[in-house]
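Only one chain is shown below, in structure tokens, and it's the form predicted alone.
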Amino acid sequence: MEHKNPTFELFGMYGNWSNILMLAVTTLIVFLIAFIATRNLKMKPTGMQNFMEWIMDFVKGIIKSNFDWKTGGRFHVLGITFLMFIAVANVLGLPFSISYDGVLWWKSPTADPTITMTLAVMVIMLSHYYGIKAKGMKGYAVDTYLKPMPFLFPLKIIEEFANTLTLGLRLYGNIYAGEVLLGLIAGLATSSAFGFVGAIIPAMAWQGFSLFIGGIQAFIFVMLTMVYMSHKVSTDH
């Protein structure tokens, strides 16, 4: 069944109430996880604190695999935020979707290309900002676009657009495809009693696989973010 988006218009621009709702829910969940995990810190971590420290070490490992910690340590909090936010956003639409009067309200926010492309543009803009901050405008322009050969400048511009598109569309495509397939399985389950029985195992299997994919896509997004940051900030690339 095709669902419409709950859109609105403000100053000639169109928005999506569903995206706003799901981004707010994602932000709240991430905040609660971080708050609960850090509200009662102990020398010997247990429970949620242990989970949070594992996340921190995991992101630290991603950073160290791309550049030295002295240079890349400033991106630690950024990486943790992206990892937790995207991982939660990827799985919100897996248990169920909520629609009312043909309008879809509850879904994974990363199943919308507007959200994923916004995240991708944010990453690329931050990489440029920190590159300029580290090398200065002139040094950054030379290192990024004129080395090793100035005539490659047009290709470097194309590469910037390609990096943005692939970073955003890869995340969107994987999450959207997963939710579409779950919708098809749900349609089979509601078609008949035999369809319901036949859809139970595929639905459980695909939800488990989608959880795995959601985590992997969050990891890939953070990994590529650190790769782009490394290429712009480090002097040995």
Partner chain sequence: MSFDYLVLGASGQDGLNIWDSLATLFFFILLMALLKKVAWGPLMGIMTQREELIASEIAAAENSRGESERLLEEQRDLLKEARTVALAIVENAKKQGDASREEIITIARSEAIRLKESAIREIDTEKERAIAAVREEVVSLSVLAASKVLEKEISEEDNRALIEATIAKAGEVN
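Residue numbers count along the first chain shown, from 1. Computed from a predicted model, the values in this text were never measured in an experiment.
There is also a form predicted together with the partner chain; it is not shown, and the following applies to it.
J.: Given that the partner is absent here, does Y140 sit within 4.5 Å of the partner chain in the model of the complex, heavy atoms only?
T.: Output for Y140 is no: heavy atoms all beyond 4.5 Å of the partner chain.
J.: I'd like to check something about K156: if you look in the model of the complex, is any of its heavy atoms closer than or equal to 4.5 Å to a heavy atom of the partner chain?
T.: So K156 does not count as contacting the partner chain.
J.: Going by a heavy atom distance of 4.5 Å, is P45 a contact of the partner chain in the model of the complex?
T.: So P45 counts as contacting the partner chain.
J.: In the model of the complex, is there a heavy atom of the partner chain that lies within 4.5 Å of any heavy atom of F35, even though the partner is absent here?
T.: Close contact exists here: in the model of the complex, F35 approaches the partner chain to within 4.5 Å, heavy atoms only.
J.: Can you pick the one in L92, A87, L78, I124 that has a heavy atom within 4.5 Å of the partner chain in the model of the complex?
T.: Contact residue from the list: L78.
J.: For the partner chain, considered in the model of the complex: do all three of N16, N19 and V180 come within 4.5 Å of it, counting heavy atoms only?
T.: Yes, the whole candidate spot contacts the partner chain.
J.: Using a 4.5 Å cut-off on heavy atoms, what residues in 44-83 are near the partner chain in the model of the complex?
T.: In sequence order, P45, Q49, M52, E53, M56, D57, K60, H76, V77, L78, I80, T81, F82 come within 4.5 Å of the partner.
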